[in-house]
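Heads up, the chain below is alone and in the form predicted on its own; it's given as structure tokens.
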């Protein structure tokens, strides 16, 4: 390493209180590919009091000016911007030791998470900044005292402390959820690869899309940050189980009951079921899955397969096939297209992995790897932080310790033979909780038995067979719509999971009151609340003009036998309850009744305004229930009430601005008994964009 390279390497900067901080060189960061110094952290101290104040004032205010829908649109636009500039991120990612294939998960997977949460916001969240969970329910006899639950954004800051292995995805998968919820965040990436996180944050800031104060970046240590937090803040951590345990007991976090969500490295496993023979497609899939999880990101994934559960009679076959596959993996400088596995993220990481490997070898035997002088590709790579893929075989899978307790966070896995499927389940549980496990089987009965048992100890269960393999995203890939996290050693936390991830950054409160008061609070009509009627049919009003609670009570219609016969002939539904008088008399209803879907259709005929108007389409029904049967001779009517409005900022195929209106529909009979209840979802034209 030459003195000139040290002087010329750039100084990374923190983004604090709207300003980039850092000119003086601090800690040197060496390339794991060839050992050359590539960056320095900055030496300047960060004023964390100022940072938190900026987030709580400027950041929160700028996010609260927006609503769920506009923040969702911002996430979408940020994702597009990052993809437009992704090549600069790929170039920087190579410096971390990652291949382009490794970096795809980090860079495009990160942008994909922004898109996924943009979609969650547009589809599942209302306009405004309050979520009404489920429907309100009566707490009294007379229908004027109701209860429900709401979610509001927490009034603090989300502090994200991230691991070194996914510098971009690790930030964005948390940022997407807290941003959509309306909470500003401060991100602290692991120092060794923080230059890639910094590059991403610079792009996001340069896009002009980030609201002021919504995102800050720490390069280096967190100082007294955790001691300055309060009960409205949230801390998330991704990294080692030991570090998570230390941070979780920070006195200030305990004293102020600050939510602490940990996603820790874990001893994930893959199980080859006993029904899979060595000549089956599933056997090949198993070998490919294990080899991929050992080598992608050089095994530096919190979801990587560390323990490989195989039937005792398959040890030789699995060992030979895995060894042959691993031997084909080219290792070296990821700048070379021929390289399939790059370096560990730092030299410190290499030292740690080799130490853990030596500990594992005390209870295991070497099957493949751990050789001196293995072939490396690329000039100077002999000075890099490279480790050969290494496969071990446990001497006694039932013994304490070993691969059930020791994680080498690199390209190392241990074969663990089992006697029967119950033994495999027991061995899987010995990992004391993990993020994910894969079960490879051809037999649905094995899946039926094994998966519920695995689910108690694993955050995600991936069932792999030939049919699913064509579309499977693999063992190691957390998906935005599925929960990521696991029990026990895995940290006990949860991330992602679609809307679930957003709710981690919101406060749930129970509310009680009259239907009218609950409607005012939630922005959603609650039955029994005040309604508004006028001479103008609600379907004649544009989106902007509709009021929550605007209602129409229709005229009446008496159901006849002719109605039932005609509907049955038109639909082809000649169910005995509608047409067999004798069978109907013997039923619980004691008479023939109208089709439920006839009642639905008749109600639509009662409340629909048939002429051309602002209502563009009906695209679905929710919460449909048929409550009281409608026999021949009953008279029905419907009440249509504007329940909820969602302005998604969308245009129709013709370019017309439109919004979503949800209508509450109650169909009653001549005794004012509720016959049918449901919500109709419509697209309604807006007058203005």
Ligand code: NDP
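None of these values were measured; they are calculated from a predicted model. Numbering follows the first chain given and starts at 1.
If you look for the form predicted together with the named molecule, you will not find it shown, but the lines that follow are about it.
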item	value
The named molecule: the contacting residue among 293, 233, 524, 265 in the predicted bound form [heavy atom, 4.5 Å]	265
Contact residue in the predicted bound form, from 83, 152, 453, 247 (heavy atom within 4.5 Å of the named molecule)	247
Per-stretch contact check against the named molecule in the predicted bound form, the hit in 118-126, 407-415, 439-447, 527-535 (non-hydrogen atom, 4.5 angstroms)	407-415
Residues 556, 663 and 673 all lining the named molecule in the predicted bound form, heavy atom within 4.5 Å	no
is_contact(residue 188, the named molecule) in the predicted bound form, heavy atom dist at most 4.5 Å	yes
Any non-hydrogen atom of residue 432 within 4.5 angstroms of the named molecule in the predicted bound form	no
Proximity of residue 222 to the named molecule in the predicted bound form, heavy atoms at 4.5 Å	yes
In the predicted bound form, residue 302 touching the named molecule (heavy atom, 4.5 Å)	yes
Sequence-ordered residues of 226-257 touching the named molecule in the predicted bound form, heavy atom within 4.5 Å	237, 238, 239, 240, 243, 246, 247
